[in-house]
Each structure stands twice: as C-alpha cells, then as structure tokens.
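What follows is one chain in structure tokens, specifically the form predicted alone.
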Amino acid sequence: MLSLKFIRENPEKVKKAIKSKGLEIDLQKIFSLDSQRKQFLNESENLRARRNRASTEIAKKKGARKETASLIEEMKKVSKKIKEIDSFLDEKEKELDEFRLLLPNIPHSSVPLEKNLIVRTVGEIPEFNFKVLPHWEIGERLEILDFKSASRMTGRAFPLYKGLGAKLERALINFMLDTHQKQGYQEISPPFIVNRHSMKNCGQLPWLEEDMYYIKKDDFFLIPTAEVPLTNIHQDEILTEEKLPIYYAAYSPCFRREAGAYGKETKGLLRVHQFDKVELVKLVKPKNSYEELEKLVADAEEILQLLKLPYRVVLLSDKEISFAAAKCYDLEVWAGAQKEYLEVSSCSNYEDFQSRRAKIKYRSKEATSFVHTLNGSGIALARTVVAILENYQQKDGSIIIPEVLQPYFGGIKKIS
C-alpha cells in the first residue's frame, strides 16, 4: 500500500504505475476523498478545541449553575456534532484505505521499461543424440506420473505423483529446505488456509481474487503461495531492531485457479492448479533491502546450481512485475523436450508495500519505521520436475537422479 503522502507528492509516478499494470483507476477520486477527510478532520478538531475552551470556562465558574447552564447545553450539542463528524471521518478513512488497496506498487528506478532484461545465463543446454520425450509421456511410461487418475478424481490440471515420482517430490522438498536452512533461513510449517485480511496484506486481493480458491462459508482462501502466511507471522507487530533481518523458509502446496491463464500451454505439469513449492521470505531494514534481494536471488539460484540444471536470471520490466513488487527477478530453468526456459522462481522486493498493509514495523533508536518485505520461490517443484525428467533423460528411457538428490533415495540412482 502506498502512503497518502507519497501519492500526494508523486501523482505522475502513481499514474505511470497504474498504466504499466493495465489498470483503469481514476486517481482524482483519492484526492477528492482526501480533501473531504481533511475537511471533516479540521471541523472535528475545531469543535474539540471549542469544547475544551468551554470546559475550562465552566470549571472556572464552578457552582454558578445559572451562568453555565446554557454553555453546558450548547456543549452537549457540540459533543453530538463531534460524534456525527467523526462517523463521517471514519467512513472517509475506510474509503481511502479501500481505494489505496487498488493502487499498485511503484517500480524501482533500476527496473527496465517495457522489455525484460536477461541478466545472466548459467550452465550449458544439454545436447541429445535421441529424441527427448516430454515429461508427461516419459512420466507415464515410468509410472511416476498419472494425469488420468488425477483428472478423474479432481479435474484438469491437477497432478498425481506415484512411486518414485512421489519420492522425487519429497526428495526435492527436503533437499531445498535443508539447503535453505544452511543459508540461514528458519523453517516454518504454516497453515495452508488463510483469511481475507492476510491475503490483502500481501497484495493478493482485491485484484487477484478470481485466481484464488475460496472457501465461502468461512471467508478463507487456500494459499497461492507460502509467502502469505510467512509474511503475516508478524502482522500488527513492532519488532526490535536487533531482531532484523528475519529469514523464513516453508514448504507448502500452492493453489491457483489462474483464471487469466486460458489459452496458455497447459500440458502435463507446465501449468497446474495445485503444485508444491518451497518459499523464502525476508523481513529487513529498508537500507539493506536491495542488497538482501540480490542475496535472495543467489539463494534460490543455488538450488538450480546444485541440481546442475541450466537456467537464466531475468530482470522483469515495469509491465511484467507483479502488482505488489517494486523489483523482481525471475529464474527460468531449461526444459529439454520443451526446448524453452520455464519460470521456476520469482524473487521480489516489495519495499514497504506489504508491511504498510500488514502493519509490520521495527523500532530503532531514531524512529519507528515499516520493514521491507521480500520473497522468492526456492523453488517451485512442478517445473523443476519437468526439467529433471527432460534434462536427465537417457536413451533407454530412464531418468538419472541428480546427484544431490540421491541421498534422499536410499541408494537409488535412476528411475527406470
């Protein structure tokens, strides 16, 4: 959420951010609401000052009932008027807050305009002397993926892992959590269902509600990412300066309808409604947040490096970064049969956009300030499985298990 002060002082920047996200928002409305709020606030303060002066006068004339009776009666009317005005003021404050929830974050000055920037490419794309089968085909041949059963029990775009396929998922989760623990992250096992307030705090609502799985009876949401519960651990808290930075890592299933994704490639595991992910979240001091973003990207990259999967790092443009992010890097892994890079992680700095919504602050010697929040996938498993099945595929139809995962397989080195 943007501060009112920032919006007042930087209307053109806000308009530009709105345009880059393809949103239609009349910014003039917020200035009108702010003006009305100020009028009610001034009127309330003037009436309070008047009542305070009258109270002093009444106190001086204590015992002189005849002289103060009319003034006391007048102040009763003033108090009633103050309550009415405060009610209007609360209404305008709520309208302002709801309107501010619609406004996107402002891209950092280092974010490229219009077009994404490939920052670096790591690892060599493997060459094969045989036709590489797509993951859905090799997965079904090896009986480690079963899309037909998943479709019958639930519907399209839900995966089912079997046997060594399920073991591969579990091995990846444990490997990622173990790696991130060594990097200094505290492991968390969060709820997989959150309330509306928590979703708003992370910027998932109001714009993305159609993409979410919603439990109407309780007004709850299945989480789209563990970012939501992790960020909300400290909602409505003032942290001590010594407690920062805070690093959290969590495994969770993620649920997304992806209402706006129709027409995109949906075969196999490429675009599913439920997928596993290990998520990284940081709460840091503002002065360190962009340095922390680079470290976050490096932490997520280490997973791909240890798996020996070729990938690239992409700095997203102002048009491509998410609604809540100020700056974002995508990690894209190469998939041999797809012959393209697939996004497996987005590492973002939200600055104080989320912490203003969630009211997460820290107290230093100088002042009390909002923390900066960051998050990144470390990494999304569905497309990582795609990359392993398509890059580690052998001519005989078997899959070599990446070396770093073999300890989690109890001596098994390939899936055949």
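One-based numbering along the sequence shown. Rigid core: the largest C-alpha set superposing within 1.5 Å between the two forms. Quick caveat: nothing in here was measured; it's all calculated off a predicted structure.
Below: the form predicted together with the RNA, not depicted.
Visitor: So the RNA isn't shown here. In the model of the complex, which residue out of Gln305, Ser79, Gln183, Gln235 has a non-hydrogen atom within 4.5 Å of it?
Guide: Only one option qualifies, and that one is Ser79.
Visitor: Of the residues Ile193, Ile188, Val119, Ile72, which one places a heavy atom within 4.5 Å of the RNA in the model of the complex?
Guide: Of Ile193, Ile188, Val119, Ile72, the residue with a heavy atom within 4.5 Å of the RNA in the model of the complex is Ile72.
Visitor: Just checking whether Leu27 would be counted as a contact of the RNA in the model of the complex - the rule being heavy atoms within 4.5 angstroms.
Guide: Output for Leu27 is no: heavy atoms all beyond 4.5 Å of the RNA.
Visitor: Examine Ser55 and determine whether its closest non-hydrogen atom to the RNA in the model of the complex is within 4.5 angstroms.
Guide: Yes, Ser55 lies within 4.5 Å of the RNA in the model of the complex.
Visitor: Would Arg51 count as touching the RNA in the model of the complex under a 4.5 Å heavy atom rule?
Guide: Yes, Arg51 is a contact residue.
Visitor: If you check in the model of the complex, is Asn42 within 4.5 Å of the RNA, heavy atoms only?
Guide: Result yes; Asn42 sits at the interface with the RNA in the model of the complex.
Visitor: Within 359 to 374, which residues come within 4.5 Å of the RNA in the model of the complex, counting heavy atoms only?
Guide: In sequence order, Lys361, Arg363, Thr368 come within 4.5 Å of the partner.
Visitor: Align on the rigid core first; then say whether the Cα of Thr56 has moved by at least 2 Å between this form and the one not shown.
Guide: After core superposition, the displacement of the Thr56 C-alpha between this form and the one not shown reaches the 2 Å mark, so yes.
Visitor: Answer yes if the CA of Asp86 moves 2 Å or more between this form and the one not shown after aligning the rigid core, and no otherwise.
Guide: Indeed, Asp86 is displaced by 2 Å or more.
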